[in-house]
Ligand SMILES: Cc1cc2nc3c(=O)[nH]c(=O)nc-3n(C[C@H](O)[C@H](O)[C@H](O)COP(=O)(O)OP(=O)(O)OC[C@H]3O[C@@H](n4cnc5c(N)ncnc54)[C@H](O)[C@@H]3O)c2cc1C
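First comes one chain, alone, set out as structure tokens in the form predicted alone.
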């Protein structure tokens, strides 16, 4: 998939949870096609760009589109991103990767997010709702101080139910997303999060179809370096190029 190098103006860069920030940008979003795609952001003083999933976007012309990035500070690069101020301009490669396909046969979709795997599921939920497919949402975090985006999902539609699981039990169900899933009814799974979570979700879903977005360390972000390759049933696939969204049939090796 083709991508462009674009300049985006920073509108906001606000902390929304422990070490988690919401970055709102203004620029050309017309090339973004589906939820689950990501961008690569140039960060001052760092050679490698930082890959960040697209939480949501609004279409406009080359200067008026809006792009929402939600990220967590986990190292020097993201710590530098947290210092970005409104009015600055960022250099982005956009869009990258293959996202979620909402044109699937489902009447009771389940959306499962783990920590900072949650952001790409925001636009996904909105697009499913627009198609009349009202999802249930399960979000997993370590603790209450890490929780974000619950209100964002709840405000999308009155029939959307959001379930929260925290490992320490400070909010919602104590434990993992699978502890919530075992009490729900669904016919299709969309998920994003760390590989151990994805593996558990696939196993919980059994034979049900689904799409799973992988988190991976990336260097180039567009398939040249092969550094983010993940083993699948049909060989190795590059998470930045063939992914980050892979289909259930690619992941039978997890079961």
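It should be emphasised that the depicted structure is a prediction, and the values quoted were computed from it without experimental measurement. Positions refer to the first chain, counted from 1.
Same protein, other form: the form predicted in complex with this ligand, not shown, and the subject of what follows.
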Partner absent here, but in the predicted bound form, which of 104 to 112, 71 to 79, 139 to 147, 180 to 188 has residues with a heavy atom within 4.5 Å of this ligand? 71 to 79
Pick from 119, 99, 135, 95: which residue has any heavy atom within 4.5 angstroms of this ligand in the predicted bound form? 119
Is it true that 35, 125 and 128 each have at least one non-hydrogen atom within 4.5 Å of this ligand in the predicted bound form? no
Does residue 48 make contact with this ligand in the predicted bound form, using a 4.5 Å heavy atom cut-off? yes
Quick one: is residue 203 in contact with this ligand in the predicted bound form, heavy atoms, 4.5 Å cut-off? no
Partner proximity in the predicted bound form: residue 195 to this ligand, non-hydrogen atom cutoff 4.5 Å: no
Tell me, yes or no, whether residue 217 is in contact with this ligand in the predicted bound form, where a contact means a heavy atom of each within 4.5 Å. yes
